[in-house]
Ligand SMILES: O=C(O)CCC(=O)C(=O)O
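Below you'll find only one chain, the form predicted on its own, shown as structure tokens.
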Amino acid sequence: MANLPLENMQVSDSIFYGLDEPYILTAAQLEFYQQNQFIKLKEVLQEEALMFFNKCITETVSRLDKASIPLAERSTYGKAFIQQFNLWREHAEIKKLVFSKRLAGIAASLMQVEKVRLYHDQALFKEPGGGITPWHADQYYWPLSTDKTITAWIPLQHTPLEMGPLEFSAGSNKITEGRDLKISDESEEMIQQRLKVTDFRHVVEPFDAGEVSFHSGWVFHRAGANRSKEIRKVMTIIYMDQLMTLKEPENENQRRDWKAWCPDATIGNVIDTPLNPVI
């Protein structure tokens, strides 16, 4: 596991101590998540920790990113973000964030499960001028047998509307139309049209520094273009119920995910592999 230099930054124990401190959810917050299948929570991470992980993750993404295609020549998916996966395997300090008991505890409480297992993490960096992230449901990509899945979306800076924060269609996990669509121009158009004739509330708000959102695998969401002059830096962690089993993949993306994120798992059995520890 590589460790990159973090020049001019003091690493205090308090940064990592806070990662394992419980974040107590209220009954109202738990009910909100059950109704809407997403929630935004303030002050999940302290400013010192956010600054540290911003630098740490940025340096790791820069080292790993080999993209050379100009932004204007990329597909809609490619314009949406620079994407790097499983950074916990690349840097010991990033692993401390991904394995945070604070974040995992929130995820378990929201999903109403005893413990969570890691599916994988990914950094999503939307460049200045980067395009929209089309409407989609994450679980289209996952060969997972139940809906007990959740993603922590962690902006690494204050994220105003012009940077393209997440937009949620609250409670849209009830819709099955569009679940078979990958992130694309087609998913943006078709899901948007379907959502227009529903009563599901669309929520798009800025994120304060340290604010983190959590959303379920089947809730539809998107993100706007980055109209700012700064990179919108986000770290995400995908969790699943510790008892999650692998299902027979239903599309090529699910087959790729199986080989990439849980290659030692077998269909019908709990996804208990070295890449998918219980947190």
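One rule holds for the numbers: they count along the sequence shown, beginning at 1. The model shown is predicted, which means the values in this text are computed figures rather than measured ones.
Keep in mind that the form predicted in complex with the named molecule is not shown, yet the notes after this line are about it.
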property: Contact stretch among 247 to 255, 44 to 52, 22 to 30, 231 to 239 - heavy atom within 4.5 Å of the named molecule in the predicted complex; result: 231 to 239
property: 138, 93, 90, 188 - the one with a heavy atom within 4.5 Å of the named molecule in the predicted complex; result: 138
property: Interface residue in the predicted complex among 133, 145, 109, 84, criterion: non-hydrogen atom within 4.5 angstroms of the named molecule; result: 133
property: Contact label in the predicted complex: residue 172 to the named molecule, heavy atom within 4.5 Å; result: no
property: Contact of residue 166 with the named molecule in the predicted complex (heavy atom, 4.5 Å); result: yes
property: Residue 151: touches the named molecule in the predicted complex, heavy atom cutoff 4.5 angstroms; result: yes
property: is_contact(residue 212, the named molecule) in the predicted complex, heavy atom dist at most 4.5 Å; result: no
property: Interface residues of 115 to 132 toward the named molecule, as seen in the predicted complex [heavy atoms, 4.5 Å]; result: 124, 126
